[in-house]
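As a starting point, one isolated chain is supplied in structure tokens, in the form predicted alone.
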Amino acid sequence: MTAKHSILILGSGGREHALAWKIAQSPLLKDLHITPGNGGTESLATQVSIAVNDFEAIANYCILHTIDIILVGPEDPLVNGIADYFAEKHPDIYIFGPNQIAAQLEGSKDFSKQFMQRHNIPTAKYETFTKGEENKAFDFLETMQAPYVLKADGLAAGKGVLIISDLEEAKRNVNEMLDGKFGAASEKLVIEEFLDGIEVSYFAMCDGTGFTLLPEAKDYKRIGEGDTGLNTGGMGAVSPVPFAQGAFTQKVIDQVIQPTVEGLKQDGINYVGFLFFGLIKVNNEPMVIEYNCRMGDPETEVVLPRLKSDLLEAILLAREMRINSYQMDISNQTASTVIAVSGGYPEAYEKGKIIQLPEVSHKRIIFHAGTKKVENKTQTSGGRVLAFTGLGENINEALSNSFQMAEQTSFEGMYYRTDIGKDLQ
């Protein structure tokens, strides 16, 4: 692999900054581009402003800049068929990301549940309902024990899952969701049993034939300390996960990952790209909560800093359908990330706040998410603003580095959780 490659990354969050940071380290890289990027990515890549779902404009840009690989960060363009578009119109440009059918593993909860049932992959019992089936949904709820889990079938920007303790409130939300509470995403509603356990995320890189594993991670979804309050896109993450090692990881491979990859092949689905397994450990057994058809955010911000291997080399091996033979070299260090968010997030928040940033080092990395540069000053431009990733020989050192960066950063309304990773110490 001596040829050098021009890469375009799609997306604008902390995940995409981390992908750009990692790809930029590769000796196989000729040049790096990102759209739309953020206030932190412009130092790593040529930044351009093209909408991630404008496939024709993306193709024209790739042709103009002789880009041969597109790395897709967010789920939207995948679910909307970017891989299919390029396979048909520009097959010489490789999309590292699944096609539209494969992306339904994330794009439709009902699709993924049927897939798991078909291939005996452990998951919670469930049923799916559409408008007009409210009474059937109520009957199903009455067969279950609280809390009740209601999921919008389609993509709802991470906000389409409700966990409700009261039966009557659950029934009210059934009506609201089927009435369009989450728009088209909840035209179909999945109700499933609540699984009581501890969550962990696993990640594979797939090439349509085999896979290789990336480090696992645990993320923290709720806005408040002690995992309270509203769900967010993620308030922090830690890797490795102490309770997800050795025998448990082997169970995950044998009972979840391998059957998923084989099941996709049996169903004639060509899955290329990152595959995210959102799991819960119940009585020492792994069960699947959800699949994602891309890397998680903020998990990427702890997974990639632990990856000693060349990510671009792995993508090139996937292009040749040789990923199965690639053994990832993973650091023994611990990585933690703490997310700073805008005041009011995940509800209404203000933008345009000037950010004062601290010094960074090889053990203290800041990945930008909702930021932009205005007249050479970094400003907030989103809900989740910055990811403070600390590295250390153990979780205490990693968290210390994360929190020190957070303490040395300021912008009006800034908020972060101070208990990320504390349950693992």
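Not measured: the values here are computed from a predicted model. Numbering starts at 1 and follows the sequence shown.
Omitted from view is the form predicted together with a small molecule, to which the following refers.
None of E187, E134, E290, E169 but one reaches within 4.5 angstroms of the small molecule in the predicted complex through a heavy atom, and that residue is E290. This chain is displayed alone, yet in the predicted complex one of V79, V149, V252, L178 has a heavy atom within 4.5 Å of the small molecule; that residue is V149. Not displayed here, the small molecule is kept clear of M205 by more than 4.5 Å at the level of heavy atoms in the predicted complex.
For I257, no non-hydrogen atom is located within 4.5 Å of the small molecule in the predicted complex, even though that partner is not displayed. Although the partner is absent here, L195 is a contact residue: one of its heavy atoms lies within 4.5 angstroms of the small molecule in the predicted complex.
Proximity of E199 to the small molecule in the predicted complex: non-hydrogen atoms within 4.5 Å are present. Of the stretches 351-359, 282-290, 260-268, 328-336, only 282-290 has residues with a heavy atom within 4.5 Å of the small molecule in the predicted complex. Every residue in the set A124, V161 and K221 has a non-hydrogen atom no more than 4.5 Å from the small molecule in the predicted complex.
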